[in-house]
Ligand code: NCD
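Here you get one chain, nothing else, as structure tokens; it is the form predicted on its own.
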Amino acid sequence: MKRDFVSIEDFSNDEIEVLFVIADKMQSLLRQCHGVLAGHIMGSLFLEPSTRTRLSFEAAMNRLGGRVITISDAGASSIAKGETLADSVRIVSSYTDILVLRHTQAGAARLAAAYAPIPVINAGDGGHEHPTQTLCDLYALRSTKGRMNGLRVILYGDLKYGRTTHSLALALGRFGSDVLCIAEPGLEMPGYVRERCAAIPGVSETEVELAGADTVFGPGGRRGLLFSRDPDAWAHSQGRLHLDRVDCDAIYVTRLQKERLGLEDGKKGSSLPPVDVRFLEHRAFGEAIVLHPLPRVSEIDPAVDRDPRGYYFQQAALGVPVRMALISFLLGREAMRVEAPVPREERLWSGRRCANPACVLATASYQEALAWTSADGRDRCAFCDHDLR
């Protein structure tokens, strides 16, 4: 039976750990085209701009000895003539052995997986998820910190539309690491992501006021959202988190996702201070690596490039061995003798549609809506995870 990778929840923790062992092997063979996937073809459908993700996937397939056919401009394909995503996927699947999809709409990869007889990999679906980037992020943490559990990680920036943070927050929580969300005002972590993080056994959600960080944020302070198994270990008391008493392992920065801002968001500009040399002088960040899914705009000062804690370019480079490992596994060239996750229960959402205008079901009238029930009893769209009330 084929395996797809459209959400970080499609792999268990054990599978991710084994995948990284495979990635270690791939990294040692990076300069060798060893022909593991000779004769295989990857379909690369990037219907939204991309540099790192598209090229790292294509580099990965080439280094494995396979070939790539690609659509990198929707306007130059039959999609511009009105072809549905389902039909495009069925056609490309008939030419290829594995499909990588980036799309502007949330849930598009899930829809593609429903129509493709070959493995589908989500390379980013709107503002929803970016699970392969999370694999790269976790691998970067493992490479620098030696582990993925017991870490303290700050997610910093646009957390509403920054899809990489949605997958990463959930993965870190599953591995037993703590996450402090410091969001651009009005661009906080979506409710469905918060619910999934808070539903992880042992994890609590706490809204906090940040103290001891005036040199970073100014005297006005900031508010944050903490997902932790032990909030007290963050020097947390009475709703205040004393950042000057905490040692963080990483700060994960995201840019303002201007291409996804809706009318309800108004005219947004960045009000969070950029991560620069002065920012990193705060004691909480003495040993913290700086990660970023890239591209950056102005949220990380170029001077940080010369700081050994600035790890974002190495992080991007790790995308090739990680994606080599993922492709090899999904095409059956690598085995994992560990348990896969149990799929969540879903049901037909009869006669109703997802109201999220950014969801693929907002336009894909040929696809029946599916729902799942969250821990607090809410009905959620199985494609974009938004509330179906």
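Residue indices: 1-based, along the sequence shown. The shown structure was predicted, so the numbers you read here are calculated from the model rather than taken from an experiment.
The following text describes the form predicted together with this ligand, which does not appear among the structures shown.
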query: Touches this ligand in the predicted bound form: R110 (any heavy atom, 4.5 Å); finding: no
query: Contact test in the predicted bound form: Q133 vs this ligand, heavy atoms, 4.5 Å; finding: yes
query: Contact of T144 with this ligand in the predicted bound form (heavy atom, 4.5 Å); finding: no
query: Partner contact for G224 in the predicted bound form: this ligand, 4.5 angstroms, heavy atom; finding: no
query: Option touching this ligand, based on a heavy atom within 4.5 Å in the predicted bound form, out of L294, M148, L272, I200; finding: L294
query: Residue among T104, S93, Q257, T84 with a heavy atom within 4.5 Å of this ligand in the predicted bound form; finding: Q257
query: Residue stretch of 162-170, 225-233, 210-218, 301-309 approaching this ligand in the predicted bound form, non-hydrogen atom distance within 4.5 Å; finding: 162-170
